[in-house]
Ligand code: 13P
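Shown here is one chain on its own, the form predicted on its own, set out as structure tokens.
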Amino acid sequence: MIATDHELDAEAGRLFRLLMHVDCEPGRPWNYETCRRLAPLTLEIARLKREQGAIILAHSYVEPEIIYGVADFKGDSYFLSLKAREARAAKIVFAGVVFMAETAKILSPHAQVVVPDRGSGCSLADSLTGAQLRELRAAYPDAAVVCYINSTAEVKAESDVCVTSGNVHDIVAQLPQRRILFVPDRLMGQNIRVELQRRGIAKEIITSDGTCIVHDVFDARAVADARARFPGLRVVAHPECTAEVAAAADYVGSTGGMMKYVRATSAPYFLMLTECGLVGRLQVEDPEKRFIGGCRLCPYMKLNSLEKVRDALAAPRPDQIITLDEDLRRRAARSIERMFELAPRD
């Protein structure tokens, strides 16, 4: 079905009103002409969703035209895992990275789960295999194995409980074991140690050696320089950053937590030490806030595009379809369901 000029103009206007405060490219905000060019795609995707009983889940780090143009739900890993768990859709398109789509398949086995680009990996998830985790478990048999949600289905299947950056401290505090094997993020593990010590919780945190290629590059010296240049600056960091950067920040938290902090905080400037997609979301949803440079792009998240979303809906290739062995899926589901049981209720 070909959209009429009136439908295309209306869709372009909708996109422009949402995206006008966001940089399409550095220093160049979105314009109506760009939105008009994308309107046929977003309308086609909307039609395909209706015809196929599909939903689109989009992580906050993907491009804004996906988040605001076609996504049914947008957010961080925990929020999207909840939506995947609740979904009754015949098909789920996950615009994010592959481990997130695997999580959706674990929680919604009835649905066909597809990814726009199978190359959208993750330096954290790809740093540890299930076999390597079994070796670590054997080396620390008395430890509770806690996996960050940024891990493969194989790693989740070998873990006692899955966590996110927003609920890890509360969940670890409830575990009876004193020794915790936390995988796969070494830097987040360091920040967990610091926070648990601050709370007076005695745990020994052992980690594997993965890091996030976006968050491990931020520098505490750059934070100090930014504070000198921008009086009143608030610095907001993700716990995948180094402990030095976390100590220099005003707030450290999950993607969702960072958004809540910025919305609730009055400050002349914000420095966001995370992926740039989150800045784009805040520019859309709270355009009065002012952000200085500092965010980094995730090359994996940026592999997602409207064209690839459309293709994954219309005729997914075998490599775009997430398939999991049923025994592995069930074991991975246990660690995620354990997270839902232990996570604090908002």
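When you see a residue number, it is the position in the sequence shown, counting from 1. As the structure is a prediction and not an experimental result, all values here were calculated from the model.
Below, we refer to the form predicted together with the ligand, which is not included among the displayed structures.
When the ligand is considered in the model of the complex, Asp117 lies well away from it, no heavy atom lying within 4.5 Å.
Contact check for Glu154: no non-hydrogen atom falls within 4.5 Å of the ligand in the model of the complex. Although the partner is absent here, Lys83 sits far enough away that none of its heavy atoms falls within 4.5 Å of the ligand in the model of the complex. Using a 4.5 Å cutoff between non-hydrogen atoms, His215 counts as a contact of the ligand in the model of the complex. For the candidate spot formed by Ser127, Glu158 and Ala332, no residue has a non-hydrogen atom within 4.5 angstroms of the ligand in the model of the complex. With the partner omitted here, the stretch from 44 to 52, 280 to 288, 59 to 67, 315 to 323 that lies within 4.5 Å of the ligand by heavy atoms in the model of the complex is 59 to 67. When the ligand is considered in the model of the complex, only one residue from Ser108, Ser254, Thr242, Thr207 comes within 4.5 Å through any heavy atom, namely Ser254. Note on the partner interface in the model of the complex: the residue among Val146, Ile92, Val236, Met100 having a heavy atom within 4.5 angstroms of the ligand is Met100.
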